[in-house]
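Given as structure tokens, the chain that follows is alone and in the form predicted alone.
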């Protein structure tokens, strides 16, 4: 089957919520808590999930992915397909038509100029865009009329749903951001903290790394929504406090990403105030190996860039041995229970794109030691290996979280068993996953040797996700440290295969290429070391209706449909 065949109409058009309310604001206030606090509300300047999802309450894409991964029109009149004429027969262009009468929250009209501007904003060569992979292969965006734009690709694009689809690629208002392009983008604090949007809510106050206050958007396209007149988005704390706030005390209505040990979560659920919800998608806890040297002895502009290759991790034997030393089954047992599965894949789903890579699933300390011995990394009297004057001494960083600190402690022990000295560092999640170009502690800046976090992709096709690892997307000073290629991996063969995926229409062949790309990053190069295929676990109050957990898009994708159960 060709992907073109699927474009002939296999698009969802379902109603998303029951008619549980009939008047905007009639259900009062709703409280949301994310233990990773948002630091910015512009998804193009942060790849942190907490920033993307909080922003999704305000700025919206042309289309979203529903709970089943199907494409659903939001600002667009419909999802373009070959059948309805929206996707050209040669698959080189896609034409989007906005719904008529759409307004920004300031009352001005949403037009195709805003859509084109959004693409130009992200693709500006003088700036850094955290979502540049969504625009992979785009040659031009042309305004046809006030409501219509055509995106043209350099080659046939069997999956043209990168730009403007999902929470990672929303439309931003040209009038607000037109003087905030390129290198100026991070400087526009007012716009980045309070974007004018089309979503159900409007920001009234934003305190970075703390709390966001919102009210219902009076210009929202559905006169009966949202049901809530106001919203508080609280950030910070930890997963334990977030879980208790919904499941035990009832202080909050929705808690995201309850990354807690299974027994802890089960005990909280006994409180009776809320319900935990979970589902598997593409969220993978992984270790990223820094291919560049993060040593503070290097000057800024060289440190953690391609100009300074990593003195130890440039050796694939070191990366492979560090992966071999890890017991993924034990990590799942202590960290996630039934909500986790050991994995060797960066792309664990859907099945058509998931490699049969299982090489990493059995811990092999002896094999790891033998590999390092053979590679010439000899143990010193202190048990730490060295070669040509370079010690195997690693700084291992992640965000502050009980499960992650448990993982760090175990992995440090295993690595020391193979002669790798390990210093642990944990950073406040709001800072670690923030997009501040001036902070040395963000995961994009990567001033450590290895780091651990989880990430996933919008929708059910991993093309844009895998395109994040091309050479041009490495964070660097010139891009204000924005970029999705976190470990600075660069292989021209990988880049060419990404391009081939972009022009391949046969589904089975797309699957083969995606699996090869996955394997190049994992079992062939070990620049990404997957650990756990994580189920998404969140919780909502028993009094909050309309919640549909979505692992393919923002969890807050249908917040306009939430309501209070009387």
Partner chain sequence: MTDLSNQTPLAPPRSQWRNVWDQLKKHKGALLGGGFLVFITLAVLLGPYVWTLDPQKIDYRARDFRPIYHALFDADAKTAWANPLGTDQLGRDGLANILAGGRTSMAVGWAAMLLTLFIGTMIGVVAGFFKKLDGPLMRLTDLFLSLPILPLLLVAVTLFREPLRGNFGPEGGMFILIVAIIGITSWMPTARIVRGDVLALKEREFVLAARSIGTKPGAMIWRHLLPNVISPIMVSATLGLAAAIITESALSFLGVGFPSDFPTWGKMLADAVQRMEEFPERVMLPGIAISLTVLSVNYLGDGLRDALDPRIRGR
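Small disclaimer: the values here were computed from a predicted structure and weren't measured. Numbering follows the first chain given and starts at 1.
What comes next is about the form predicted in complex with the partner chain, which does not appear here.
- Checked against the partner chain in the model of the complex, the candidates 391, 99, 412, 379 yield a single residue with a heavy atom inside 4.5 Å, and that residue is 412.
- For the options 439, 140, 232, 249, the one in contact with the partner chain in the model of the complex, meaning a heavy atom within 4.5 Å, is 439.
- Contact check for residue 408: a non-hydrogen atom falls within 4.5 Å of the partner chain in the model of the complex.
- With a 4.5 Å cutoff on heavy atoms, residue 296 counts as touching the partner chain in the model of the complex.
- In the model of the complex, the partner chain sits beyond 4.5 Å of every heavy atom of residue 113.
- Proximity of residue 303 to the partner chain in the model of the complex falls within the 4.5 Å heavy atom cutoff.
- Taken together, the three residues 330, 333 and 427 all lie with some non-hydrogen atom within 4.5 angstroms of the partner chain in the model of the complex.
- Only one segment in the set 460-468, 119-127, 182-190, 440-448 has residues whose heavy atoms sit within 4.5 Å of the partner chain in the model of the complex; it is 440-448.
- Contact residues in stretch 387-402 (any heavy atom within 4.5 Å of the partner chain, taken in the model of the complex) are 395, 400, 402.
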